[in-house]
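Single chain ahead, written as structure tokens, the form predicted on its own.
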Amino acid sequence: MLTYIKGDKTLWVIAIILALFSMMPVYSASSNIAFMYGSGNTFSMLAKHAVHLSLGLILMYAAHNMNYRHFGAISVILMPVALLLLVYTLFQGHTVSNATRWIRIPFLGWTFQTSAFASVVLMIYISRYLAKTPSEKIRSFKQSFAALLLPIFAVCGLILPSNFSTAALIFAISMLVLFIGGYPIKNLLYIAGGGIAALGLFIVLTLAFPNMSNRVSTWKARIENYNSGDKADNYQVHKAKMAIAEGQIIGKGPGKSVQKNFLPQSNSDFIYAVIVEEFGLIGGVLVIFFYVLFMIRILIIATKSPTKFGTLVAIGTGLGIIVQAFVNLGVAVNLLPVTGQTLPLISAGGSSIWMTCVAIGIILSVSRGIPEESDEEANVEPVNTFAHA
């Protein structure tokens, strides 16, 4: 079977270890969710998570088998699809916890978070544009606006009303990919200013017309609760901190978390707190270690890629996973306000797992090309990951 698995072996091992490990905390942390919103059958939730993981690994394997160059052309086709799905989600999406972020998959009854799909497509699209477009056109703000910048603003703008943290992460990583790809710093400052102005306008309009979105009040409450520290409204963060404190060094053991019964999002947003309570400081540090190792492998693959597109797509899709992971960890330990970001490959959820696996598969595809290609064979020029043109 190993003969069919190619690319960076370390990355494969990390992804599989995190996926297999997730079965224990998801099974344990789902007990509260199962009794509150289901029939009380925790095993069914574990089985659902296993199906999501299995499908994710299949998508990862399929993506890693493709030549990563093909993803650039595919992203051009999927970019309008992603925008249409975001528009549909904004107006007709499925609402959970006062946030409209999902659409229902026909016949299966599952929900799909379109922002996760749009994020991966956008990173590939940006990488392709920067790799294929002549440098003089890239340096021109006017010439690059419609084809490059408008999709970024469109994706972030459509996600913003229901999910500020995801929109902010996508915008920040897009800026980083643009910087590494040689986009002028002066133009990046224009984009940053435009993004801040757009956010300010959205907040003003929402405050003036509350029916537009209820998320501004949610953002305000979360920041106030975070700053207040001991307010009763900071309930879920307090429970997460209690879980982490009670885990001590070696934890209470698998399935023995107490705070999972009180955490509203115990199997997704706050699953790291459950992990530390059950597996202790040792388990919590090991999870962080694997994400750090994941980041290192991404940087190595990006640096060694012989093509500019390979470098940029590895950084764009890879850092999206890493930043999301560390935001989730930061929320769990109360370093950041509550954001609603899940822990990649560990938290329960279908679309997050699937798109994370697709992103990893694309990175693995880039790693497959490293020993086989040379600069002369590449369709696009190589890039120095740490040098800005």
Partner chain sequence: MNVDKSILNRSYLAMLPFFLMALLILFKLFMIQYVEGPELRAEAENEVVREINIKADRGNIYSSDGKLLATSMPVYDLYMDPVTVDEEDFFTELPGLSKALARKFPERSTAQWENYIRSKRKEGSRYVKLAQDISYTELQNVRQFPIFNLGRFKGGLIYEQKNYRKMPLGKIAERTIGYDRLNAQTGIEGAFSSFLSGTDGLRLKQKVSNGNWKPLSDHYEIEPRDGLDVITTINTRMQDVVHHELLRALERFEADHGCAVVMEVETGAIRAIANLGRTEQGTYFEKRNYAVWEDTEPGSTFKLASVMIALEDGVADTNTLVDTENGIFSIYEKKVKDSNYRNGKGGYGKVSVKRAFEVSSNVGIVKLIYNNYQKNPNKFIDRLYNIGIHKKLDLPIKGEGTPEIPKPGDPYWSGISLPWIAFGYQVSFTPLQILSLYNAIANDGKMVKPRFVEEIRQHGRTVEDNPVKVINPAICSKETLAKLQDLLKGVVEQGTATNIQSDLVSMAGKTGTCQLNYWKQNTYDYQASFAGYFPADNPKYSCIVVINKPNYHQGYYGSTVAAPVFKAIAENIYLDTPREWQPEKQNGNPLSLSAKKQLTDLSAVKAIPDLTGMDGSEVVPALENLGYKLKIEGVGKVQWQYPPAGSKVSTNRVIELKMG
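The shown structure was predicted, so the numbers you read here are calculated from the model rather than taken from an experiment. Residue numbers count along the first chain shown, from 1.
What follows is about the form predicted together with the partner chain, which we do not show.
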According to a 4.5 angstroms non-hydrogen atom cut-off, is V323 in contact with the partner chain in the predicted complex? yes
Does any part of K308 reach within 4.5 Å of the partner chain in the predicted complex? Heavy atoms only, please. yes
How about I249 - does it come within 4.5 Å of the partner chain in the predicted complex, if we only consider non-hydrogen atoms? yes
Taking the shortest heavy atom distance, is Y272 within 4.5 Å of the partner chain in the predicted complex? yes
Does every residue of F262, G284 and V292 put a non-hydrogen atom within 4.5 angstroms of the partner chain in the predicted complex? yes
Heavy atoms, 4.5 Å, the partner chain in the predicted complex: which of 157-165, 72-80, 141-149, 241-249 makes the cut? Say which one. 241-249
The one option of Y190, F153, Y88, F179 with any heavy atom within 4.5 Å of the partner chain in the predicted complex is F179
Within 4.5 Å, heavy atoms only, which of A62, L55, V333, A47 is in contact with the partner chain in the predicted complex? V333
Using a 4.5 Å cut-off on heavy atoms, what residues in 126-144 are near the partner chain in the predicted complex? none
